[in-house]
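As structure tokens, one chain now follows by itself in the form predicted on its own.
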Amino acid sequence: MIEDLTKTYETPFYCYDQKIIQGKIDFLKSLNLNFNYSLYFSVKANPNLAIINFFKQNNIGATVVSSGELFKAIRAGINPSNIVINGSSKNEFDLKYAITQKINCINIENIQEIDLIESYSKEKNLKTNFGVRINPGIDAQTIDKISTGKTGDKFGIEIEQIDFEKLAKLNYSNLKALSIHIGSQITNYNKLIESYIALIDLANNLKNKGFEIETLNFGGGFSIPEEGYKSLDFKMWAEELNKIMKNNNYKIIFEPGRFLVAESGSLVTKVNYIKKSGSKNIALLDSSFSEYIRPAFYNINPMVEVLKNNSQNKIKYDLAGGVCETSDFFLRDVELPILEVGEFLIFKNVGAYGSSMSSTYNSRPRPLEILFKNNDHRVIRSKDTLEDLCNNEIM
């Protein structure tokens, strides 16, 4: 399919295989978890309306981190009762919008948030459900830049800083949930279980004191297989999770994001030029970190394939992008078949945090996005025009 798409559409473009997304959904739903749980898609991974709507069709809710993501989730058809909002620094509009939309839960990550939630809910004569995101001080043993549960991280609140007695006395805000999320691309299932146990223990302790905690939000963070990373052992994860949930009767929310969409997506790009620089062979592509910033941002080595290259000889290339930044490299010293100008490369696992983290840096139009299934496809985001780059600007 991708080869056919290159004959129709100008690169770079993103494309997503719907069957892979469906397979991920079906896999998570097949794990025989013996308790009441729901899946909520973490919208920040890929906020395209068509992608969000596909999850809605599969009875999956949405986790958002801004008023913009909340708006898009509702626009895509997700019922507000199936939406939760996280976010380490939600602004006043984020909170007010979430309150008026009567979403499932606002997970606070700062004690001060509750004052606005209580006062605005009173002003609107509403009862707002909220939860508390806990920082458990657990090292998820993942990339530092995607660790969210260690002491010193900006996410969540340390338990000893929370006055639960005060939260229980609110009149217009209902403490409904506890939440935890310790990072992304987690390969050690024991770290996830450790975080769940910490949340369950806190919930049980509060329950013994008369609190009515209904929901525990266990977050996401499930790894996907790629260079340097293995898959999470879901069999052992599910077995251990069933054990710790055996005598607990909470509603559980999981918030997978990257796990659900990353492997479905590719960034398709073309070789513009090939040059020598000292001992280096540099292939300059028509994409850049404007379209895929994760390699530069997280220092990872993305998976790459050459489309339809029959060369038996391989040499090492540095794959570089087109923006004016020295750090704009996808890979260095990667061994590939001998490349020619005009050939297509495919970066894999870009279904998450490819388009969602893209930018118009250097005034580069954001690319086309395509969703396909078997031999059928449709455009789910048109490419920016040059005029689009000037929208909202006043001269």
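It should be emphasised that the depicted structure is a prediction, and the values quoted were computed from it without experimental measurement. Just count from 1 along the sequence shown to find any residue number.
What comes next is about the form predicted in complex with a small molecule, which is not displayed.
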(request) Please check if residue 258 has a heavy atom lying within 4.5 Å of any heavy atom of the small molecule in the predicted complex. (result) yes
(message) Would you classify residue 185 as touching the small molecule in the predicted complex, given a 4.5 Å non-hydrogen atom cut-off?
(response) yes
(request) Answer with yes or no whether residue 355 is in contact with the small molecule in the predicted complex, where contact means some heavy atom within 4.5 Å. (result) no
(message) Taking the small molecule as it sits in the predicted complex, is residue 191 in contact with it (heavy atom to heavy atom, 4.5 Å or less)?
(response) no
(message) Within 4.5 Å, heavy atoms only, which of 221, 131, 156, 321 is in contact with the small molecule in the predicted complex?
(response) 221
(message) Can you work out which of 288, 266, 86, 173 has a heavy atom no more than 4.5 Å from the small molecule in the predicted complex?
(response) 86
(message) Can you tell me which of 97-105, 250-258, 301-309, 71-79 lies within 4.5 Å of the small molecule in the predicted complex, counting heavy atoms only?
(response) 250-258
